[in-house]
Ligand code: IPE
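First comes one chain, alone, set out as structure tokens in the form predicted on its own.
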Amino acid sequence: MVNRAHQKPLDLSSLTIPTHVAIIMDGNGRWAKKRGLPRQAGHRAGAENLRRIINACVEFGIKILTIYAFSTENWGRPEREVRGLMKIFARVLDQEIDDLSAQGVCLHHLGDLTGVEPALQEKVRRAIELTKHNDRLILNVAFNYGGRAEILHAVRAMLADGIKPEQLTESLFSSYLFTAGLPDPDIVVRTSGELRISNFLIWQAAYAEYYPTPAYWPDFDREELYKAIVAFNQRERRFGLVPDEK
């Protein structure tokens, strides 16, 4: 855990804290390249940074954190890199889950575990079971996840349940998504300066505030998260309306 005694004090008193923060964790490879390191070193640094951001979310009072850990498209990366990522995921679950549970973190998985090696599938299920009663922070890990795949999954499930067209509402549709029962994200943060959603929460983030930052994910620390919250407070959320219609 982070020793907060040495952290810079941040004034949260006048800020509205977003309930649900979603993060596209991007730039690990470029972070490593900039330092003359292999890409895998960047992925390890990114995994270590996740602990710091979880600590900051708990400190700030954020209730839900959704992270884009591995997309359905990421399987197309070089086999060596994919194997390395899977090892990192397994190691994080082995080394961090007890501390996360002690902090009151409840782990959810968004995505499909089909195709993931059985040992890693079991680690994910054990972590979810261990933390299921925690309520300080919900941590959604989008792993083997794609927004389009999620929508197709929901449609297939509705068809299997015999849902008729006239029964379909946005609320009903949302109940078939991986995030069922959770509020939509208030803000989507993307590190590394890229300006794409990359198939992430494309239904849920319809009215989320988008916050791109040039910081690579391993450098996106507590202070960077604070900056994102400050920027969120400077936005006027209209949800398709104009001010006098609210």
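Residue numbers here begin at 1 and follow the sequence given. Note that the structure is a prediction, hence the values are computed from the model and not measured.
Separately, the form predicted together with the named molecule exists; it is not shown, and the next lines address it.
**Q** Quick one: is Asp186 in contact with the named molecule in the model of the complex, heavy atoms, 4.5 Å cut-off?
**A** No, Asp186 sits far enough from the named molecule in the model of the complex that none of its heavy atoms falls within 4.5 Å.
**Q** Would you please decide whether Phe70 lies within 4.5 angstroms of the named molecule in the model of the complex, comparing each non-hydrogen atom pair?
**A** Looking in the model of the complex, residue contacts with the named molecule include Phe70, since a heavy atom lies within 4.5 Å.
**Q** Please check if Pro212 has a heavy atom lying within 4.5 Å of any heavy atom of the named molecule in the model of the complex.
**A** Residue-level check for Pro212: no, no contact with the named molecule.
**Q** So in the model of the complex, does any heavy atom of Leu85 sit within 4.5 Å of the named molecule?
**A** Although the named molecule is absent here, Leu85 would touch it in the model of the complex, with heavy atoms inside 4.5 Å.
**Q** Consider the chain as shown here, without its partner, and state which of Arg136, Arg91, Arg77, Arg125 has a heavy atom within 4.5 Å of the named molecule in the model of the complex.
**A** Comparing distances to the named molecule in the model of the complex, the residue within 4.5 Å is Arg77.
**Q** When the named molecule is placed as it is in the model of the complex, which of 48-56, 61-69, 202-210, 174-182 ends up with heavy atoms within 4.5 Å of it?
**A** Going through the listed ranges, the match is 61-69.
**Q** What are the residues of 15-48, in order along the chain, with a heavy atom within 4.5 Å of the named molecule in the model of the complex?
**A** Ile24, Met25, Asp26, Gly27, Asn28, Gly29, Arg30, Arg39, His43, in sequence order.
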